[in-house]
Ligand SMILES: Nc1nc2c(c(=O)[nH]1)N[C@H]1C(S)=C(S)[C@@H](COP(=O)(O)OP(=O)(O)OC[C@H]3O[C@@H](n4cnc5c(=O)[nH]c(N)nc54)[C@H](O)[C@@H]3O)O[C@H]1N2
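As a starting point, one isolated chain is supplied in structure tokens, in the form predicted alone.
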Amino acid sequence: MQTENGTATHFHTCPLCEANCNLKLVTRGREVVSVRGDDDDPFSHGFICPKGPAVAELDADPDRLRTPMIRRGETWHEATWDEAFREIDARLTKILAEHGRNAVGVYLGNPSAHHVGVALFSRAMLRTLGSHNVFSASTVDQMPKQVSAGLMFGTALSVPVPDVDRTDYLMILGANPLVSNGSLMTAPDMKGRIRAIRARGGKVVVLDPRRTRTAEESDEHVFIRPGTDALFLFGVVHVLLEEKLAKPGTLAPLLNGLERVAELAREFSPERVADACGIDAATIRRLARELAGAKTAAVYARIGTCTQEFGTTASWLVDVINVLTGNLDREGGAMFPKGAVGAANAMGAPGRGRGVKLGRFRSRVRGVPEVFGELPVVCLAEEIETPGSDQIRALITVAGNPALSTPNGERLTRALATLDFMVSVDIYLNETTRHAHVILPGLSPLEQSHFPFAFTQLAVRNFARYSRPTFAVPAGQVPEWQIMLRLAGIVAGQGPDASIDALDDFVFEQQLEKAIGSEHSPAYGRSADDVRRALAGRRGPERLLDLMLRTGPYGDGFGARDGLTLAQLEQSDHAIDLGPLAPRLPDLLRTPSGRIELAPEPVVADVERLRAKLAPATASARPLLLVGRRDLRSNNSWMHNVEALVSGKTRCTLHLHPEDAHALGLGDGETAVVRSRAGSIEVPVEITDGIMRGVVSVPHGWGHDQRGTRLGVAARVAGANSNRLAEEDRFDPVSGNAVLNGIEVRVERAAAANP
């Protein structure tokens, strides 16, 4: 929208975290003049955090790559797109021919989920490649929750989220939504939402080893020892069943395995778990009774409960409690959003499905089972290092920095340097991409459209929002969806010059066949030619998105009913409100039984491992335990080259309790060495009573002190990489998720440290 002074106003979804706030941008030519929240958006209501305005600085970052790069030895050279793809074809095709499909690995980073082109077309590249060696940031983040949800409800994104706007009691474990703005819970302005719970007479309880910003806004904060959330939650289940407080209500006919859960919970009484958790039995019993007695309640747990050795068990028990208290799938409880696009729990026959299958193949070296088509990233370094058939000799990374974000980054860094070939799709020359032989730069977030595929399936209110690009694609640059298709063409053996249009048509036709072939689709029975004509003029992501919207749960079915189309979203600068969360059971279920599997066998089998943690330990025998943390201005390593987000006080510090600091002889601001079995880091000390005694904390995503990068701002505020302390041989065996919390460490003054 053009204004009198030569500026223009645009609206764009912020792609920098899961909250998906809508931004109001004022531009003059190619410059962003101002960024504010969109007051008229019915989902984010004008809320933005400090990351929102920083999108302008990210767009203008001089370090952001805009031209393909080819490395010869240690020297980088700018290249044309054709030169870059010819290089990839020559080297990747040779490796595929000589060593097979599994010789090429792929790593997908966190930003992949925020980009329409990557989200839609990376699947085509992966299917065409056909390698078992696919890894992603999911196994250093949320995989336990997806596994538990898949086993219980039938699909990986059937994740119940708290109905925060209507609940009377919210219990939060291992999550800091005032900083994350929700995670696996798309929820802008969580501070306002938590305050609203309390203002209407509700209660918010936070269990966390740190007194987080969320804890400070809550009614009650309870310190819990890292890695013991599953024990605490089992203690709550024990009380609900022992004291006959469980009341599944209308859920009862849908439950399989309630008796098995009761049997498992018997030995996890509050008195038995209290010592390990660091929470007295009376408090555990009181909290269980409060949950059971609340008019409505929801338990929500996130990254602190996922990135630990019992991540899947803890994630499962959260929803067991929501079921037992009768709060699953009810207003004010834990509910299932209905996404407008891509929701597997809204496709096909309602109420029953194939469920999920895990372990369909295993990693070559350690024999670790796959999960949802990928292997745990803790296996990546060894799969590169270990000779033999199917050894990874080439790697494709997409918008990821595993050298910083995965366990024992030093080992992975050494492994990356040994690859025969590596190609990275990334906007930065960072700690990972410096090992690539070819870098293909993506676009600025403001140069591409946006639709939050995954996050509308996790939102606290149903909505749909499409953002048009704020700026046109600059001459000489290529959208990510076309990069994905050209890579697909190369691994398919079609060479570096395969037709983008032909590949795009192939992907579209596959989706079209599914969309009109299902009797449960609103477009069932429509002529394929009619659909093609209706979508004429669209290509790439927009054609697929329109098809998926119109055949989704709110879609118009190409004229079969009134409903959503991409054209409607394009005409609106703001989100289209699709209403509050509503009960969806039993139709949502996609388990073979058509019931909620309350005691899925893979989780039940792992309870034996948890029992060993019931053995009491003396306080003197307990080591210091490391946990991570996140700052509101930070979201993983790729945000640290934005001046506005790293200016001010040092954020990469070691949080240490005053009594622990005294015992260790450490003062505020001194440099400490933190050691684990995997490695060591040096980091300044920040003494605070906001952390549990016996626990230390270092934020993740830092460590920008490596040679060969082009991250001017990040290198100046390098910080220390906490994942150097994480051990790649420690992971949750059910989901394969890395253990990044509850790591045993030693801390000492840097000056006194031994070599």
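One rule holds for the numbers: they count along the sequence shown, beginning at 1. Model, not experiment: these values are computed from the prediction.
The next section is about a form of this same protein that is not shown, the form predicted together with this ligand.
A.B. asks: Is the gap between residue 135 and this ligand in the predicted complex 4.5 Å or less for some heavy atom pair?
C.D. replies: No, no contact at 4.5 Å.
A.B. asks: Can you tell me if residue 420 lies within 4.5 angstroms of this ligand in the predicted complex, counting non-hydrogen atoms only?
C.D. replies: No.
A.B. asks: Does residue 556 reach this ligand in the predicted complex, with heavy atoms at most 4.5 Å apart?
C.D. replies: Result no; residue 556 lies far from this ligand in the predicted complex.
A.B. asks: Contact with this ligand in the predicted complex for residue 734, defined as at least one heavy atom pair within 4.5 Å: yes or no?
C.D. replies: Contact with this ligand, no.
A.B. asks: Please tell me which of 180, 296, 269, 283 lies within 4.5 Å of this ligand in the predicted complex, judged by heavy atoms.
C.D. replies: Comparing distances to this ligand in the predicted complex, the residue within 4.5 Å is 180.
A.B. asks: Heavy atom within 4.5 Å of this ligand in the predicted complex: which of 173, 534, 156, 262 fits that? Just give me the one.
C.D. replies: Spelling it out, the residue with a heavy atom inside the cut-off is 173.
A.B. asks: Which one of these stretches, 208-216, 195-203, 162-170, 509-517, sits within 4.5 Å of this ligand in the predicted complex when only heavy atoms are counted?
C.D. replies: Comparing against this ligand in the predicted complex, the contact stretch is 208-216.
A.B. asks: In the predicted complex, does each of 402, 723 and 740 have a heavy atom within 4.5 Å of this ligand?
C.D. replies: Affirmative, all three are within 4.5 Å.
A.B. asks: Who in 88-121 is close to this ligand in the predicted complex, meaning a heavy atom within 4.5 Å?
C.D. replies: 107, 109, 110, 111, 115 sit within 4.5 Å of the partner.
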